[in-house]
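There is one chain below, alone, in structure tokens, taken in the form predicted alone.
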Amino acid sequence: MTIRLGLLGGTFDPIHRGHLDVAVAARDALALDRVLLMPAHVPPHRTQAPRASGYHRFAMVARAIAGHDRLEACDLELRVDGPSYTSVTLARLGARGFGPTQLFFITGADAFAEIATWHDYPALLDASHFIVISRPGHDHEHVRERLPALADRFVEVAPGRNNRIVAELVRPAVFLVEATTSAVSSTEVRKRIEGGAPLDELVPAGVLDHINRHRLYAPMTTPADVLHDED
């Protein structure tokens, strides 16, 4: 059988419930054999460096996916210096023997709407299938309006038809998947932690434990705080 490899990249600073919802929705909609969650080394669309190190972001991904079948943490992008461009990652996987129709790059509708700004666009669309998951406030109609030139690539995914749809395709497609995903962002999680507000299960328990254990995203301590901690 030909493997179907899903790829979900991101800063994951930190990973949250919304990321997991997207990964699971894509895995189930297209019957993916594996989904690799890949923390970026240098996110190309962020002006600021991640707050947490690559080590901590990878560790949080590993803890987040515990118990989720066919989800795996992958350090492919963390091991490469420079910006983590999707096109470069896909090329590296292609060099390892994966064909474009074996790869399924997963993204939210909000991010995919901006794909014309991605490195190597539009060539990267021929390097992999894309799975576009609807996100709160970002439906597929918005994607269609922003990217009319890709109309012939869009494939609406309906339950029960997915295997046949993929088998019939002769070139990479853009699969539009409607799904219910948590309305949360990493920015919101960081702000809650900085403000001392509860996270209300916005992140998996293992991720919250890692954040608390290593004091990630907490406000910078003052000298007085340091002395108090040592007493």
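Numbers follow the displayed sequence, beginning with 1. Computed from a predicted structure; not experimentally measured.
One more form of this protein, predicted together with a small molecule, exists but is not displayed; see below.
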Original post:
Taking A26, S128 and E156 as the candidate spot, are all three within 4.5 angstroms of the small molecule in the predicted complex by heavy atoms?
Top reply: no
Original post:
Using heavy atoms and a 4.5 Å limit, would one call R70 a contact residue for the small molecule in the predicted complex?
Top reply: no
**OP:** Would you check, heavy atoms only and a 4.5 Å threshold, whether A111 touches the small molecule in the predicted complex?
**Re:** yes
Original post:
Can any non-hydrogen atom of T187 be found within 4.5 angstroms of the small molecule in the predicted complex?
Top reply: yes
**OP:** Consider P136 of the chain shown here, and say whether it contacts the small molecule in the predicted complex, taking contact as heavy atoms within 4.5 Å.
**Re:** yes
Subject >> Stretch in contact in the predicted complex with the small molecule, which is absent here, among 192-200, 59-67, 28-36, 176-184 (heavy atoms within 4.5 Å) >> reply: 176-184
